[in-house]
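Presented as structure tokens, the chain that follows is alone, the form predicted on its own.
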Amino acid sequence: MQNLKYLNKFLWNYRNSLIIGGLFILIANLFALYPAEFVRKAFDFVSENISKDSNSNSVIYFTLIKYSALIISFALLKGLFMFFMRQTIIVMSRKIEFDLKNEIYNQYQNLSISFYNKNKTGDLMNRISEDVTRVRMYLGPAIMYGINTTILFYLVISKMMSVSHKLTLYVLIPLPILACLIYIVSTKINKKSERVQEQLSALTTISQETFSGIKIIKSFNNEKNSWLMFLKACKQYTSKQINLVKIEAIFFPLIVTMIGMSTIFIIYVGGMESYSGNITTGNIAEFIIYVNMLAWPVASLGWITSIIQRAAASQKRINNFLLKKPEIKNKSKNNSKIEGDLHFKNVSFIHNDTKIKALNKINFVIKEGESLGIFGKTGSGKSTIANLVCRLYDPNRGKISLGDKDLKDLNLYNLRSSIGYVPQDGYLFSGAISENISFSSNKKTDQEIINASKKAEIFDEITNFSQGYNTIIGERGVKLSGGQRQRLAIARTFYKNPDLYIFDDCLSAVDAKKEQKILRNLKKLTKRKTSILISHRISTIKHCDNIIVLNNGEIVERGSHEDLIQKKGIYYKINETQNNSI
């Protein structure tokens, strides 16, 4: 139960529903308790009044009808309050499920990029879906039937004790044995549940990666190998699930055996007590009903235990993420002005997961309203600089400041809201074109969407689509070409109209004419704004006010385009090569 303590705050929030639900359970069990007493009275009345007297027979018939009517009435009232208890406790569990999923989702959004580098998408999806569903079973059915079992045990055993202490003790003999067996079996269930959930996460990950990379799989004619990988994971999951089911299957035979033993004791000991005159034959019938009333609660102990063990295993996996602290923290709750020159002072960065040194003692200044071009080969650290400016990572050494403030001291949300970042992949969401362009705002303004698409040189193509801006582009923009996806991502940034533009090699799939038009549009928009252009193509960055050349995470050259050409270094040589290849 240690891992499930995290859920207590949700139960406290919905304590009124839990208390009212518990009250309904009590009332339902009270109505369930008295029919056994009615049966005993009917049995005793019949046994005492059996005679050949016709008047006596009519009294017996009337009494039996009366008690039958009472039993039916109490059963209906029990059913009514059972409906009420489900409407409170089960509905409460659904509301907590809603809150928990939202908390996990918010936590996912708060966690740093390094977290996603270490964890697979399928595992993240499984924890917010399958694991939460199992936790919900604990919050709903397990708690409901747990309270029901506790109340019913107390009421029934109290009734039994009031009739015969001796017979009650014989009935209860199997229960401690059953409790020990349940403890042993439930421990094994917990361990096997964790293994099942881990394998389910692996299965979800394989499925997610297969569907995301279906183009590659088909182009390499690798469907069979992908299927064999999935089949292997399925077999492992099935094997672990079967092992779990085998353990769970032990519960019911144990419970039936123990209930059967209690019934035998009732018949034998009760018969001897009745023969001695200590109890009536009606009491024997009453005790048999009581034991059968305990049959489901005792049986549910195994089921409840199984649910709790599964929920504990799932909540442990959820807690591993919920209790994780984000590496990038917002130190300021006050609004921060995002203005001034951008300074990199002796900035170094090493990736925690790979231990690769991406940047080493980087120094440069971008004056407010100026543009910086970052040039270098693949793996030289260009994108890392963009990630550091957006505070997707923090440097291991050195300092990044905006104006006179350290980037870490600025309000994180103000900082990111002021940046328009277009990454290399230009990720698009599965929705309409208009929704992707207006992603930065909840309020869509049609004219602003159109203006942004014109600046990104994709307006004509959108208008040629049959549904125009309402065209659904599919997952990751699968229905668009590479150049269209990049330009749509650029339009999204133009729509945002930020204070700082960062283009991270996002024009690689755009033809030269459109690229130059987009860059001219960008220059008009950034007359008084800061911009960073990252590219391995000199044509993209040559108009920037300043350019730095990166190699193996270090700045090897810097200056304007003309300065770098005159130096005849790396930049000059690559420029010659690129011009000759045109």
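Numbering starts at 1 and follows the sequence shown. Predicted model, so just to flag it, every value in this text is computed and none were measured.
This protein has a second form, the form predicted in complex with a small molecule, left out of what is shown; the following refers to that one.
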Original post:
If contact means any heavy atom within 4.5 Å, which of 265 to 273, 128 to 136, 354 to 362, 406 to 414 contacts the small molecule in the predicted bound form?
Top reply: 354 to 362
Original post:
How about residue 191: is it within 4.5 Å of the small molecule in the predicted bound form, going by heavy atoms?
Top reply: no
Original post:
Should residue 536 be counted as a contact of the small molecule in the predicted bound form, where contact means heavy atoms within 4.5 Å?
Top reply: yes
Original post:
Any of the heavy atoms of residue 122 lying within 4.5 Å of the small molecule in the predicted bound form?
Top reply: no
**OP:** Consider residue 424 of the chain shown here, and say whether it contacts the small molecule in the predicted bound form, taking contact as heavy atoms within 4.5 Å.
**Re:** yes
Subject >> One residue of 484, 93, 383, 197 in contact with the small molecule, assessed in the predicted bound form (non-hydrogen atom, 4.5 angstroms) >> reply: 383
Original post:
Pick from 115, 74, 393, 439: which residue has any heavy atom within 4.5 angstroms of the small molecule in the predicted bound form?
Top reply: 393
